[in-house]
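In the form predicted alone, a lone chain appears below as C-alpha cells.
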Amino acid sequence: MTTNTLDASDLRDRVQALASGAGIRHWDLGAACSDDCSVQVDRGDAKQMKAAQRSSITVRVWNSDGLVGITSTTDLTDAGLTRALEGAYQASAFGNPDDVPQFSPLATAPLPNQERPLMPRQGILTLLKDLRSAEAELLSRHPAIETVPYNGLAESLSTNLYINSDGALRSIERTQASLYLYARAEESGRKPRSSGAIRMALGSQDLDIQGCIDEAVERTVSHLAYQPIETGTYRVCFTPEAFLSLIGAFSSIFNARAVLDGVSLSSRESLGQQLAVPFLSLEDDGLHPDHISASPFDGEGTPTQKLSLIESGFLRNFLHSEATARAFGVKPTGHAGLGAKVSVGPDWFVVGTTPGRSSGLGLDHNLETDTFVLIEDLSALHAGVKSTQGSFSLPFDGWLVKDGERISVEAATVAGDIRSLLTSILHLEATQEVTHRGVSPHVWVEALSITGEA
C-alpha cells in the first residue's frame, strides 16, 4: 500500500474491527509511509538513482493487567495487521510493570493550524539533470575544486498517522526536498580541504540550488590558505549552525526522559535554576514556519507546540512524553516518539535574545577587532561529547581572525564544558539565521580551549 492510498479513517476502521475480533480493547498505533526518490552524481555520471515506497506501523496493545506490548510491521493488509495486533498482545505478558505508557490526554485535543501546501514532485530524471548541472557549476568555479564527493538531491511525499482505541485520529501528509553539496579542493603540496552546504524546501522546485552552490564554493575555497593554530585559550564565535549542533548534542539537559533515567545533567530540581546568561533564550518550536519537517502532532498524537526551555537564562521546561509528563505532574509537550520505549526529543531549536534585555556586549563594542576563533562546523559529536558529564572535545572547521583577517585553521579541537559555556556567553548577534538545524544568531563565548595539531 503506498502513501497515496493510505487512508487514515479506513485504517482505523480496519484495525478496530480486527482488534475487536481478537478481543483486544485497548490499543494504539503509529504509521509512517513515504514515497521517496533521490540521486547522486560523480563527475556528471549518475552514481546512484533510488526510488522507494516504504511503510511501517508500530502497534501497542494493553492487556487486562494493564501491561503493554509492542510490535512493528510493514504489512498493511488485514492479515499483516492481525499478526501485529496478536504479536503485541502476546508481548504484553512480558511488559514492564514499572514503565507503563498510557494514551496521551491530549491525543484528541484540537491540532494547531499549519499552512504547509503539498508541492508537486519533479521526478527522478529532473532531479538528476538539476544535480548534474549543480555539480558541473561547482567544479567550474575554482581550479582547486576537483571533486564533489558527497552530493545528493532528494524529494519525498510522506504520511504520518496516529490512531488509538479511544477515538484519536491524527493524519498529516507532507512533501519535502533536500540538496547537499560537499566539495573537495586540493592544491599542490597542500592537504585537501572540504566543505559544503545544505538546502531544504517543501518541494524540489523551491530549493535554492544557486545559493547552495555559492555557499559550498565560498566555504571550501576559504579553507585553502590554512595555517596551524597555537594551542591556547581563545575567544570564540560560533556560527548559527555550529552553536545549534552543540546545543543539540546536549539536548538531554532538556529531556525529561533522560532526567528520569539519570542520564541528564539536569534533575527534577533543576527547573527554575539559572542555566545560562540572563540575555539568552531558547525555545523548541516544532511549528516554526522555516521548519520544513514540521508536524502538528508527535508520535503519541499530542499537538506540537512552542515550548520555552531557557528564559532569561533560567531553565523553564523539560520536553515531555505522556509518561514523563505524568511523572512530573504536567501536560505532555508534544515531543514523544512511539517505540518499544517511548522516546523524547527536540523538534526545532530557536536561539535568541531575551526580550527587553541587551544581547551581551551589544553594539558598543566591535568584537571583530579582537583576535578570536570563528567556528563554522563541529565534527565527531557522537564521540567527542560526554552528555552526562557536560564536557566536549570536538574537531572543528573554522578560522583564526586577527586584525580583521581570516586565517583557516589547519586542524584543531575545541574543548570545554557546556554549563560553563552557557554562563560565559559574551554576545548574541542581532540577526538570527535559519539553518537546517534550527534558528540562531552568531554566538560569542568568552574563552574556550583550542588545541592545535601537534
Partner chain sequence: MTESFSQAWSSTLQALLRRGSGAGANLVEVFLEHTDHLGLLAEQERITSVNPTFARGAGIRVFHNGRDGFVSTNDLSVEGLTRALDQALAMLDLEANMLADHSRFEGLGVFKDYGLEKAQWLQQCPSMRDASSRLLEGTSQLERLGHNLQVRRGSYSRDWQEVLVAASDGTFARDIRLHQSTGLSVLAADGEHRSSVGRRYGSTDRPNDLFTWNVENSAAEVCESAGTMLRADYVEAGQMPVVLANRFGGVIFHEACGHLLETTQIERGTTPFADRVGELIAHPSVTAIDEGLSSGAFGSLSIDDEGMEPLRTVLIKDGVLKCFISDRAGELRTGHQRTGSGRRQSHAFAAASRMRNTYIDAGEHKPEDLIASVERGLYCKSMGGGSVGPTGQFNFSVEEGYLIENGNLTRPVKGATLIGDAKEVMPRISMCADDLDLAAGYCGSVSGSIFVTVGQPHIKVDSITVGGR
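Numbering follows the first chain given and starts at 1. Computed from a predicted structure; not experimentally measured.
In what follows, reference is made to the form predicted in complex with its partner chain, a form of this protein that is not presented.
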Task: Partner-facing stretch of 202-210, 162-170, 145-153, 281-289, counted where any non-hydrogen atom is within 4.5 angstroms of its partner chain in the predicted bound form - done: 145-153
Task: Candidate site 114, 141 and 346: all three near its partner chain in the predicted bound form by heavy atom within 4.5 Å - done: no
TODO: Answer for residue 30 alone: is it within 4.5 Å of its partner chain in the predicted bound form, judged on heavy atom distances?
DONE: no
Open item on the list: Whether residue 411 contacts its partner chain in the predicted bound form should be assessed with a 4.5 Å heavy atom distance threshold; does it?
Closed with: yes
- [ ] Verify the contact flag for residue 262: yes if a non-hydrogen atom of it lies within 4.5 Å of a non-hydrogen atom of its partner chain in the predicted bound form, no if not.
- [x] yes
Open item on the list: I'd like to know if residue 49 sits close to its partner chain in the predicted bound form, meaning any non-hydrogen atom pair within 4.5 angstroms.
Closed with: yes
Open item on the list: By the heavy atom within 4.5 Å rule, which residue out of 197, 84, 309, 107 makes contact with its partner chain in the predicted bound form?
Closed with: 84
Open item on the list: Please identify the residue among 214, 130, 137, 75 with any heavy atom within 4.5 Å of its partner chain in the predicted bound form.
Closed with: 75
Open item on the list: For a quick check, can you give me the residues of 187-222 that have a heavy atom within 4.5 Å of its partner chain in the predicted bound form?
Closed with: 191, 192, 193, 194
